[in-house]
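So here's one chain in two forms, each on its own in structure tokens, numbered structure 1 and structure 2.
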Structure 1
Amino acid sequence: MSTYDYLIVGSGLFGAVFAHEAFKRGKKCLVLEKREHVGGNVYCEEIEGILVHRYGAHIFHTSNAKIWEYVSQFCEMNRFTNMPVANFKGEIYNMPFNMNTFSKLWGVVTPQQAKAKIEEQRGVSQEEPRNLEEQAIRLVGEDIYHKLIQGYTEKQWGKPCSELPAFIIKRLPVRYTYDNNYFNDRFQGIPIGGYNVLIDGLLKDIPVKCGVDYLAEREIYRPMADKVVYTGQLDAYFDYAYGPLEYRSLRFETECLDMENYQGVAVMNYTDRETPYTRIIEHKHFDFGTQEKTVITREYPVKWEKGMEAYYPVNDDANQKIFTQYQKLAEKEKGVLFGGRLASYKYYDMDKVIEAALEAVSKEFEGE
């Protein structure tokens, strides 16, 4: 007889939602987390009374009312709306691409004038864009591509835009209205008190062991439970049998400054190629802080190597092929459910991870 029904590897949103739902159904769960804290990449820490998003800016947004209601059981959301600003060599532009951006760039005033300008620059090809560069120019033309996309993207992904998949840039809205909201989703905000409130609510009364790398201690932990929910890297789980998948990592440089307001906005993107970081986050603006000091984080993209945190999957064709091979191994692995952004090798937003965890729960407990 095992001690637990479920061993949940990883205390990020996928693991925490699964654990919560299993526990609610009377299952005995143990959560293992290799970091020294729970929450995965949404974890926040407090510095000078300011909630700092330790693993990069996290803004919750969704169009799914059920997911919004689901998280609202555990935390109250504030009214934060992401309106980042792009800094290209000291020139400031509103993001995402909208009438404010077009007006500042070209002096245009009406949507018709903006469309005409983009039309002039986007080329005439009818073929499907084959890569991010072609997709970006098709969407917004050459000027915006060169000032606001190319430098940022090549720093972020460490590759020329002509070698990156087109879908990455489709994440960003292009609008012919004066609307600086980065997202199109109906619901948006940041938990009051930070994401730890959400994670602590999900994991309430569930035993968690931090500082345990399941893969290093599989022999000890695997026999303890009937089933495992694994939310770490899929390639690592199979000991890189087909070689490592490609990821991007990040280095965060956080600084506390003796001033009230450093940049006047939560997120400023540095879109030129020369500045080594992609953005500066000023955390207090996520919850309208009025503290005397401020905390900022510079985000430097880094090539991922084994042992580093894998923040972004590189979903190009070559990596997708390798991932499919790992997926076949995963299908054969008895008693293990794989989920979350690392095990699924997907560029998932938080709402999509919660959705996926709830789907896994429905499947797992169907008929119960």
Structure 2
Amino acid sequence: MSTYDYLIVGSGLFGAVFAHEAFKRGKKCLVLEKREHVGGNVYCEEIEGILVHRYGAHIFHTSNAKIWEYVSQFCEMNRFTNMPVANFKGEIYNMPFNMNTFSKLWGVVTPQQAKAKIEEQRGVSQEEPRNLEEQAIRLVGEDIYHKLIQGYTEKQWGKPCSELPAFIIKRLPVRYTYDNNYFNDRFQGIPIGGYNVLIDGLLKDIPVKCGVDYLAEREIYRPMADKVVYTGQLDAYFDYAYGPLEYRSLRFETECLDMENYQGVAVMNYTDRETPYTRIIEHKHFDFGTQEKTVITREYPVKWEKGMEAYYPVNDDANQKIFTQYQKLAEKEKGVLFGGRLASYKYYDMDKVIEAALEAVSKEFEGE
């Protein structure tokens, strides 16, 4: 006899939501987490009274009122609005591309002037863009591409833009208003007290074991439950039978500074090629902090290798073909549900992860 109805591998948003909903329906669940803490990439830690986003900036945003209400059961959201700035060799530009950006770049004042300037720089080629460079210039012109896209993107992906597929930048947000709000979504904020409050609320009364590598110990844990919800890497689950999928990873360099305010904004992107990191996060600004000290994190993109944290899937044609092969194996795997960012080999915003988890719950418990 199994001890549990569900073994949930991974305590990020997908795993935590599924566990909560299954538990609510009277199912016995055990959550296994490879890291020494719950919450996956949304985990926060406290340094000098400042909540630090350990694995990069996480700003919750959605246009789905039901998802906003769902999250608000477990935590209260603050009023943080993401308004990052771009730093190109000391020149500061507002993001996303809007009238403040265009005014700083070209001295234009009206939307008509900005549109004319972009149109002038876009080129007239009717051919389909062959790579990311051509796609970006087609969308926003030469100046914006060279100052605000090229260096950042090449650092992020570890390749020249001329060698990256065009689909990575299908569209770029361009606003002809003086609006620095990065997201268009109706709801936006960060949990007061950090994302740990949300995760702890979801996992309340559910047993969790941290520091457990399920794949290394599956012979021990698999017999303990009727079903498994697996949220890790799909290629790793199948022992890389078709070879590893490609990812990009990140390295974080966090520093506590004896000053009240380092950069005046939560997120500053460094868009030149020479600066080795892509951005600096100053965490206290997520919570409108007034502490005497501040904590910053420099974010360095790095080439992913087995054993490293996988942050961004490289969804080119070659990797998608491999992923399709793994998906076919997953469909045949009995008693295992696959979900979340890694198992789906897809970059998900947080609201979309929660939506996907609730859809999986609805499908799993249909008719109950």
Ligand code: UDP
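Fair warning: this is a prediction, and the values are worked out from it, not measured in the lab. Start at 1 and count along the sequence of structure 1; that gives the residue numbers used here. Just so we're on the same page, rigid core means the largest C-alpha set that superposes within 1.5 Å between forms.
Annotation: structure 2 represents the form predicted on its own, while structure 1 represents the other form. Once both forms are overlaid on the rigid core, the distance between the two CA positions of residue 162 between structure 1 and structure 2 is 2 angstroms or more.
Core-superposed comparison between structure 1 and structure 2: the C-alpha position of residue 245 differs by less than 2 Å. After superposing the rigid core, the C-alpha of residue 188 moves by less than 2 Å between structure 1 and structure 2.
Once the core of the two forms is superposed, the Cα of residue 132 has moved 2.5 Å between structure 1 and structure 2.
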